[in-house]
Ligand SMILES: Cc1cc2nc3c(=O)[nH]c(=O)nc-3n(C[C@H](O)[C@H](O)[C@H](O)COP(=O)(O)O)c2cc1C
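Listed next as structure tokens is one chain, alone, in the form predicted on its own.
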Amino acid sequence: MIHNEVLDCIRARRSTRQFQERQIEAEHLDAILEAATWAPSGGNCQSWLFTAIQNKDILTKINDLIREGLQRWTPDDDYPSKLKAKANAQKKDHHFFYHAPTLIIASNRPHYQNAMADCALALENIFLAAHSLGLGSCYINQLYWLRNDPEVRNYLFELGILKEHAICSSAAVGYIGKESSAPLRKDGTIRIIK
């Protein structure tokens, strides 16, 4: 196994689902957002927008809109996380981004074929940058699932996310409240043809 700073960071990063209340430093947020902009994008379009939210009242409102939206929403498949989110929407105290003090929403042009891929690459940069700075992060799906919900969209528009942008996903970021253990890597996921 080869060790270097990048490979070790990739192996050590975990999804965080319990955050401390304290906010991340402004310089760390700037570094994480800059890392997002260095991700590859199709044809070097860089047509994404990263909206970082740190206002606790706004984060609470977004969480409430997610809860309400999920109650109206019908999953389009039986993905277990969708079914779990739908069930959690019935719980008044459930927090869909784990009380993270920072939420970064990635959006992009809706009819651009690489919109989701570009934002996913940028989010991975966010996760690795956060880990390198001693912060935790977690990929959050619910705003993507509710990207066409009128109440969610209208509120995000009020926050400055373009109406003509599609919500691609988001990242919860903050100081780690509880470390996550590393799940085993599944066998049979790599194939080399020479």
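In case it trips you up, residue 1 is the first one in the sequence shown, and so on. Note that the structure is a prediction, hence the values are computed from the model and not measured.
Missing here is the form predicted together with the named molecule; even so, the following discussion is about that form.
- For the named molecule in the predicted bound form, the listed stretch (57 to 65, 158 to 166, 35 to 43, 139 to 147) containing residues with heavy atoms inside 4.5 Å is 139 to 147.
- Contact check for Tyr112: every heavy atom lies farther than 4.5 Å from the named molecule in the predicted bound form.
- By the criterion of a heavy atom within 4.5 Å, Arg185 is counted among the residues contacting the named molecule in the predicted bound form.
- Residue contact with the named molecule in the predicted bound form: Ser15 places a heavy atom within 4.5 Å of it.
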